[in-house]
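Heads up, the chain shows up twice below as structure tokens, two forms, tagged structure 1 and structure 2.
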Structure 1
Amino acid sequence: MKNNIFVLKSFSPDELQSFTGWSLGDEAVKSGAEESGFLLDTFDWLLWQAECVLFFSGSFLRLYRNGKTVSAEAVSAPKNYEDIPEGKLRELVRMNTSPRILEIKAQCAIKTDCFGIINEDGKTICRIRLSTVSINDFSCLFAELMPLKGYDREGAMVQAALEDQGGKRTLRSPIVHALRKSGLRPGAYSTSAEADCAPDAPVADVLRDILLKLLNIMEQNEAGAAEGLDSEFLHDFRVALRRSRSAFTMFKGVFPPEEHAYFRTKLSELFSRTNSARDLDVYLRKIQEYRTLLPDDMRDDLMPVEKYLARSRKKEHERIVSLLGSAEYADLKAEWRSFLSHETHTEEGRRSVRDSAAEVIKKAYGRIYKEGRDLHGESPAEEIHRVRIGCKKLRYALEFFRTIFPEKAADGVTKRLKRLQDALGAHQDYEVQREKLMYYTEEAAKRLKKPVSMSLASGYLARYLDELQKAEREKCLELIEDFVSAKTRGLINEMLK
């Protein structure tokens, strides 16, 4: 018989004795002092999404995952995985949160006592661990039944007694169960802007709703991007902005031409002003990985490039802070929200969202088909990149409107598209990273008297990136061929019919 955990409203030793005839031991087998501290997670609850809960008590960290716990010493709450001592816990946090920072999500206290159940012969036939988990103002009582070898029948009897007291079995760890019931909303943050509408709803209304959701996501990430605590705030801000531009552009005729042109230009300008900061964020992360690709005696030669990136990132962050705190940005947001809150649209905006979305998806796929079918091994990188841009637009359209098309066909198309996008993204990354590496190296060299060793290391790395890109190109071409095949076209037609 395995251990089982029960959620209880209260626990009565007298009722247990009345039901089984057995008593609770006079003293706790193991009495745990109350542990109090904080639950830590990322802004977007990445640990929670990975079925993990991280508890910091003031002297240790404990990660709860799949009914098991991993602990490590910690005298202060870690800001990210790098603040956690080397070991399994650090690796689990790194895998699930990097590059995000950790923040306090809630106060938490855990009180645990373990008792033996004594039969009429004075023998211990099983143990019960009673735990009270308090998260903010919410508390929950748990009893974990731990049967002992040779006493399965007695264990089953105690289990029946717990169920008689209203115990409900849970497969989750007490802290995970308590967090779920506490009223907090782990995972409430989402970057999704999926349409929630009937297929015959006017497309203008649906688009406004999607664009307002995206504006809200941008605003949720402003503070984090301005503080510069981790790079994902700016990343999510930019993704929401890029999706807004894409949705606005794809449905060109839905809004009056003058307003459409005005906001399209403004959103594009805003996006451009965040490009450099994002490029530097990506490269600062990548440069650590790139060092490991170099021969041992060349690894330190890239240090001047790293220092240049860090200095440049600091300046770009100051520009981001200035931009997000400016009256110009506040005015643009106010204008954009006001526009999206009023029913301003053309006759085209009265069409059903299903008809309009189907037309947009057909057009986006048609462009991928036209530009992708003639690609070959010697095609310029910019031609492959154009297919990538087309894939992004199609992906956004599929995500926005997936609820109004048959789920099975839509998921089939999206699955193929994701595979292609991953390969196209890697191909373009190698292209950009090689170009950026040479640019950053030239800039860093301006501060050095002897930049030769740095230039040699960058040259070595550039050739390596070139080889990686060539290998990725072959994969891209295979996946493009699959995506423009009759089978994928059949899936699209099935989805849109």
Structure 2
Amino acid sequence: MKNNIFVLKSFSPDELQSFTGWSLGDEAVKSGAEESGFLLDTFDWLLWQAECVLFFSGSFLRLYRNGKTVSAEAVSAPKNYEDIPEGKLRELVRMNTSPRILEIKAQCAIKTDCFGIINEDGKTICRIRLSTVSINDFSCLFAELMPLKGYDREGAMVQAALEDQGGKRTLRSPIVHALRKSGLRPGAYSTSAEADCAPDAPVADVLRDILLKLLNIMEQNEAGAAEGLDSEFLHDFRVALRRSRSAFTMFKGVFPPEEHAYFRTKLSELFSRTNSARDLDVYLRKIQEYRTLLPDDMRDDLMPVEKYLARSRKKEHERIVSLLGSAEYADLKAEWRSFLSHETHTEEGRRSVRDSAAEVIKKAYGRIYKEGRDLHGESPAEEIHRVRIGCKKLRYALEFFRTIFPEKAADGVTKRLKRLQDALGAHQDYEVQREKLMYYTEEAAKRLKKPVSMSLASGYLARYLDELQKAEREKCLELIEDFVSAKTRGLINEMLK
């Protein structure tokens, strides 16, 4: 018999005693432990999503996960996983949150008492851990039944007594359960911008709604991106912006040509002004991986590149701060919001979203089909990249309009597309990383008297990246073949019929 946790409204020792005939042993009562502190998670609640809760007490950190706990010493709240001492807890936090920072989400107190249930011989036949978890103003009472080996029958009786007191079993740790019931709403931030409408709704209205959601996501990430708390704020900001641009462009005829051209240019300009900062974020992370790929005696030779990247990132961050704080950006946002809040659209904008979206999806897939089927082992990287861009557009369209089309077929297409995108993304990443590595090396070399060892290390890495890219290319071609196959075409047709 395993430990079972029950959520209780209240706990009455007398009722338990009269139900079972056994008593709560005074001798076995362990003095109640009381812990208070804070719950930590990322801006977008990544730990919550992984069914984890991270508790910081002021002297230790404890991660609750799948009914188990892992602890580590900590005198101050960690800003990110790197502040946690080496060990399992750090690794779990890294896996689920990197590269995001951790922030305080709520106050938390846990009060625990342990009782033994004693039979007529004075023998403990099971134990109960009674805990009260308080999160901000919310409180929840739990009884964890811990049966003892060889006393299953007795454990079952105590379980029945707890159920008789209104106990409801939960599979989650008390703190994980309490957090979910506490009223905190992690779903308040979501990067999703799905259409929430009937299939016959006018496409212009639906698009405006999607674009407004994306604008809100951008705004939610502005402060974090400006403060430079972690690289994901800028990343999410850019993804929302790129999706806006993509949605706006794909449905070209829906809005008047003048406005369409104006905002398309403005959104593109805004996006390109954030490119360097994002590239440097990615590269600063990559360079740590690169160190491990180099032979031992070459590992420090990339230091000048690292320093160059860090300096450049700082400058780029200043540009991001000034961009997001500028009147120009505020005006563009105001214009964009005003445009999206008014019914300014063409005749085409009155068509049903289902018909318009089906046409866009068909067109996007057709483009991938046309460009993808001609690819071969010697195709230039740009051609493969073009297919990748087409895939991104198709993916965005599928995500925006997921609720409009039959779920099974849409999920089938998305699954295949995702696999292909992963391979195409890795292929393109190697291409860009190699180019950027050479560029950053050249830039860093301008400041050095003897750049030879650094150039050698970069050259070594560039060759390595080339090898990795070749391996990825094989995979891309296989997946593209699958994606342009009759089977995938059949799924698309089924979805759009």
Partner chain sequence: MKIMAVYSIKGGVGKTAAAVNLAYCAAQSGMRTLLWDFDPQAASTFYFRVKPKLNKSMKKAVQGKSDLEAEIKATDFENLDIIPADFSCRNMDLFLDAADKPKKAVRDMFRSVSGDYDLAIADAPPGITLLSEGIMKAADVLAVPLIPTVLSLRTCGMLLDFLKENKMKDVTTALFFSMADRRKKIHREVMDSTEFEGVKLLENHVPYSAEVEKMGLHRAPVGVFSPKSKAADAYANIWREIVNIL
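Keep in mind that this is a model prediction, so the values were computed, not measured. Think of the rigid core as the biggest set of C-alphas that the two forms share within 1.5 Å after superposition. Quick note, the numbers are simply positions in structure 1, starting from 1.
Two forms of the same chain are shown on their own. Structure 2 is the form predicted together with the partner chain.
Core-superposed comparison between structures 1 and 2: the CA of Y151 exceeds or equals a 2 Å shift.
Core-superposed comparison between structures 1 and 2: the C-alpha position of S18 differs by no less than 2 Å. Relative to the superposed core, G253 shifts its CA atom by less than 2 Å between structures 1 and 2.
Here G187 exhibits a Cα shift of 3.7 Å between structures 1 and 2, evaluated on the superposed rigid core.
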